[in-house]
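Form predicted on its own, single chain, as structure tokens, below.
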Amino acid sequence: MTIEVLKPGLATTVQDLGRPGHYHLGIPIGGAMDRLALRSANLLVGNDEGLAGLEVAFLGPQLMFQADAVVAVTGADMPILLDGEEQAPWTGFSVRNGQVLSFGYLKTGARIYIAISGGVDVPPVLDSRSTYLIGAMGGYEGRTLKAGDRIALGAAPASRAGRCVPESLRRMPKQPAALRVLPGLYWHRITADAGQHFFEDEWQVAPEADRIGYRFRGGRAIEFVDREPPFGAGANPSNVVDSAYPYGSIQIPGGLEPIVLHRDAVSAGGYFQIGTVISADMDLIGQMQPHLPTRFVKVDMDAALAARAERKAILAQIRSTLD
């Protein structure tokens, strides 16, 4: 059972829920940028929610199915076409051998997730099928898909078409987007005014936004507290000697443009971090388009844990709805 790639789209990769446990070796967790969307797509076609599917950024592929299957597409709003006939998003639908799945132009959001009954069956690397492009690791030969590729599918479970995730359970960024942030260990490196401005200002997603990190611009520059540079840190006040980078951490090189590190980010380096985007909001970043207005919202640990519990509750509702 295979799918032939007729057109690859802009950046289509195989992704699952990532490869945790190797960050200390410099290998990031990786996996789907919007995990809730991938989990939902898998559940819609009867898969285990961690199976590999396709992550598509900005421009959709054209895929010919060479076996019958149930398919679901979640995430961004991108018209779904099966032999030219539009299909409902966040809903499982049947595909017959020989039919072609394609997509219209992106309307809102940034990434769609295509789940196919049985999942994408590429060789696992470090217990994951996710593509890590920088390391040319996992996925389909460690790269984005290209025309002519034939993607193997796993054994399809018993599944039925027609199940749907209610709109109330779908999460997408608002206008402006709001990203909740826990101030970081290096908060003392900036002035009180700079910390206030960071949360007051409206930022915009910069064009430099990918699986490694999202850059933001438009807010005021960050002012640093005077210091005697420690040995090895260099003269720039945004530099530190070295530090581990938490998933979701926010660097501001030179104090100018914040960068939120995402799924494929490096594990350590020499930039201070002003804070960390809470885990409940990381999926939203993967759906943010360039130029989207964004505000960072200061929260404490209690609020972060409450948001994580709320996100778990949404996923539990989706599972219950699709049982």
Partner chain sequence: MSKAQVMSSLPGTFYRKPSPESPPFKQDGDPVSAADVIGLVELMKNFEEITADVDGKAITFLVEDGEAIMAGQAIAEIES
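Numbering follows the first chain given and starts at 1. Keep in mind the model is a prediction, meaning the values are calculated, not measured.
This next part talks about the form predicted in complex with the partner chain, which is not shown.
- For the chain shown alone, Q66 is not a contact residue for the partner chain in the model of the complex, no non-hydrogen atom being within 4.5 angstroms.
- Looking at R180, you'd find every heavy atom of it more than 4.5 angstroms from the partner chain in the model of the complex.
- At the 4.5 Å threshold, heavy atoms of D210 reach the partner chain in the model of the complex.
- Taking the partner from the other structure, the partner chain in the model of the complex has no heavy atom within 4.5 Å of any heavy atom of V266.
- In summary, the region of this chain contacting the partner chain in the model of the complex, judged by heavy atoms within 4.5 Å and restricted to 83-91, 228-236, 241-249, 106-114, corresponds to 106-114.
- Each of L10, F58 and H291 places at least one heavy atom within 4.5 Å of the partner chain in the model of the complex.
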